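Here you get one chain, nothing else, as structure tokens; it is the form predicted on its own.
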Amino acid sequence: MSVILKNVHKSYESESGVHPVLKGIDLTIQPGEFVAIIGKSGSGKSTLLNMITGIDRPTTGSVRVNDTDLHSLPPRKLAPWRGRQIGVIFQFFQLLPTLSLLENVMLPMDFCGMYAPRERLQRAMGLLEQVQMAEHAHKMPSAVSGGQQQRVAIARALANDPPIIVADEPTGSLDSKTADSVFTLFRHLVERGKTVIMVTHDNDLAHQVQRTVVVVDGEIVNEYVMQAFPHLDAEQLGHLHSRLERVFVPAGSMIIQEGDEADRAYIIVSGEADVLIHQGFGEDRVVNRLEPGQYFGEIALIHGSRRTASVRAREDMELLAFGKEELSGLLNRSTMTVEEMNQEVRERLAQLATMKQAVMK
């Protein structure tokens, strides 16, 4: 079941005026993906989750889950739809304190009229067994630990066998060992074909999923920025994201020229480019090809030297450009990125030197 958000804006009104929270979100999540949504407090990540679950509606834009347009679904139909299609897991569990753990798991089945009454008890016990909580089935939520309550909350989210599981900071109030066990449960769900969408503040967990979406000030950081600089955390990515300039280059155009002074480096968003070195006699030789998610032009910026090679667009391209100031800020914020970029520079310079020697022969 796919999730598609197109140009989603969400604003809230208060006495002090209108406050935009989401600003033109475009996001597609494919069936069976394990996606983490990260960002600082107030960035809009929980509001984004509320758009996906239909708990809140966009001010403008569209939200489509499989064949259902949530933004146009009547309120009376929304809750039953959600109960069947999406399992929601909250940070603080939200188990009903007056019901046993078993009854909490059975509740979504009762609410949506799913399964025959005699099947519900059997199914709920089976789900508690999956999360290793069957022996506590008849206890009240207050009688078990926070980690155990979260396991029951996961079982409850699975009660109606929904194709999508949405979790809002599911490990935020757990110790690291319990958080790891909950995360392992999510991975098993993905292996069974479920789509899992998880809001988290834990960068380590976020880097273990198939895909990470970073939200900064109500906008999604381009995925190719994260691919180019995988060691940056949400705050560092947000700092870089706010300073990038979008550039469109037509096919055949020279983006940088060997021997020129360097002013910017680039991240490729779409299209491919050729790296060329000059052979003499007015000819250039292609020595490498660059694809989306790669960056180039950083060597001369780092060393304060002239361009060591040319780069030409093979097709129409979209790039994100950043200058020396942004690069310095990037390197100051991430030791891992410094090490990675220095290694990349060494490898590229060695490759260029080898190619130039071959050309001279």
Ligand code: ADP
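Quick note: we count residues from 1 along the sequence shown, nothing fancier. It should be emphasised that the depicted structure is a prediction, and the values quoted were computed from it without experimental measurement.
We do not show the form predicted in complex with this ligand, though everything after this point is about it.
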So in the predicted complex, does any heavy atom of Thr308 sit within 4.5 Å of this ligand? no
In the predicted complex, Lys40 touching this ligand (heavy atom, 4.5 Å): yes
Examine Thr53 and determine whether its closest non-hydrogen atom to this ligand in the predicted complex is within 4.5 angstroms. no
Using a 4.5 angstroms cut-off on non-hydrogen atoms, would Arg346 count as touching this ligand in the predicted complex? no
With the partner absent here, would Pro162, Ile164 and Thr195 each sit within 4.5 Å of this ligand in the predicted complex, counting heavy atoms only? no
For the chain shown here without its partner, which stretch in 45-53, 295-303, 65-73, 24-32 has non-hydrogen atoms within 4.5 angstroms of this ligand in the predicted complex? 45-53
Looking at this ligand in the predicted complex, which residues in 5-19 have at least one heavy atom within 4.5 Å of it? Tyr12, His19
